[in-house]
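Next up: a single chain in structure tokens, the form predicted on its own.
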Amino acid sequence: MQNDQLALAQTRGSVDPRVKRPLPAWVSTTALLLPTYGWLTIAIFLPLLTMLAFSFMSATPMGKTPVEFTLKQYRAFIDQPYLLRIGFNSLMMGFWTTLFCAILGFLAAVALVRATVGKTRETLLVLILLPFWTNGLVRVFSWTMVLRENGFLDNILHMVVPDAGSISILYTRYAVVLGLVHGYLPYMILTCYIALVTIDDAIIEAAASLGARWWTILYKILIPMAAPGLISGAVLIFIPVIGSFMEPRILGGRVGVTMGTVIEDQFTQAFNWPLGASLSFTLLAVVLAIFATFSGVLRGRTAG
């Protein structure tokens, strides 16, 4: 009996050398994340750190002017007050673009979820994604053909009312917002669609059976439950819009001066990279402050 127990203990204590021990969990996790974070470091973090260093320089380091580290570039909004007006116009442009995208995108997402099924829904989703399949520059220039004087819109109007004047809005802020809404609307539709498609139909049916009107269902059920999609879409739209420069430059002309166009000019025309970098990081700080404020308000409402 004792011999059997001793043999069993020896068998349990022995380890087959041919059996490989599994790697620790942190090794496999690191191996999976390393390519992604390595690419982010090379493509995003290093350029951002380089621009951050440029923003504290007195001149572009590639030139012949002696370079000194200074905070002068961050005083641009004090030394050049017109930048405050341009910055405010950029924020308002982002606000109106995001607002129109939220209204149109949410209604379009509701229509997709509630009024379509099967292949019809899939076809409409493909049509929504079509703008992403064409070059952005082509899309913007196509709007100039529509909005300019004697353009497509004017020709349609004159076919209906021959004596009507021109309704050209090209080179106005309305044209800029219109072009931006066209370019960024799919983001809002898709984020709202993803949020709405997860809502159980039984909730809507129960509200309707209890006598709730359609506007009550919209404001009391759909909008609150789709709030994550609306917020995600707003973030995806607002941040790139306030820094956009292609649509304001092409559709806005002289009135299309925004922080995006000013920053672009500093890098491509004035060759003042430190000022362009400082304006970029100042704009980034303002955007982060805005979203930090609104996220705090939203968390407070959720907790309440």
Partner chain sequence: MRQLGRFYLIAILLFLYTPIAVMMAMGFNESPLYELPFTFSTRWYEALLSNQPLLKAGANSIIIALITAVIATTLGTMASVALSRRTFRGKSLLQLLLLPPIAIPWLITGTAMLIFFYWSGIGRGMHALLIGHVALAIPYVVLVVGTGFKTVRADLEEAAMSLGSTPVHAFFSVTLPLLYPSILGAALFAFAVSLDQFVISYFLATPGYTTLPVQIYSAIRKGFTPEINAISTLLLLGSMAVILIFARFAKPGDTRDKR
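None of these values were measured; they are calculated from a predicted model. Positions refer to the first chain, counted from 1.
This protein has a second form, the form predicted in complex with the partner chain, left out of what is shown; the following refers to that one.
The closest heavy atom approach of V67 to the partner chain in the predicted bound form falls outside 4.5 Å.
By the criterion of a heavy atom within 4.5 Å, T172 is excluded from the residues contacting the partner chain in the predicted bound form. Within 4.5 Å of some heavy atom of the partner chain in the predicted bound form lies at least one heavy atom of V146.
Taking the partner from the other structure, the partner chain in the predicted bound form has no heavy atom within 4.5 Å of any heavy atom of G87. The candidate spot formed by W133, I263 and A277 is fully in contact with the partner chain in the predicted bound form: every one of the three has a heavy atom within 4.5 Å. In plain terms, the part of the chain that comes close to the partner chain in the predicted bound form, with a heavy atom within 4.5 Å, is 121 to 129 out of 160 to 168, 79 to 87, 191 to 199, 121 to 129.
A heavy atom within 4.5 Å of the partner chain in the predicted bound form is found for exactly one of M93, A234, V181, A226: V181. Of the residues in 242 to 269, those that come within 4.5 Å of the partner chain in the predicted bound form through at least one heavy atom are, in sequence order, G243, F245, M246, R249, I250, G260, I263, E264, F267, T268. Between this form and the other one, the CA-CA gap for I290 and I194 narrows by 3 Å or more, being smaller in the predicted bound form. Relative to this form, the distance between the C-alpha atoms of A234 and W133 is reduced by at least 3 angstroms in the predicted bound form.
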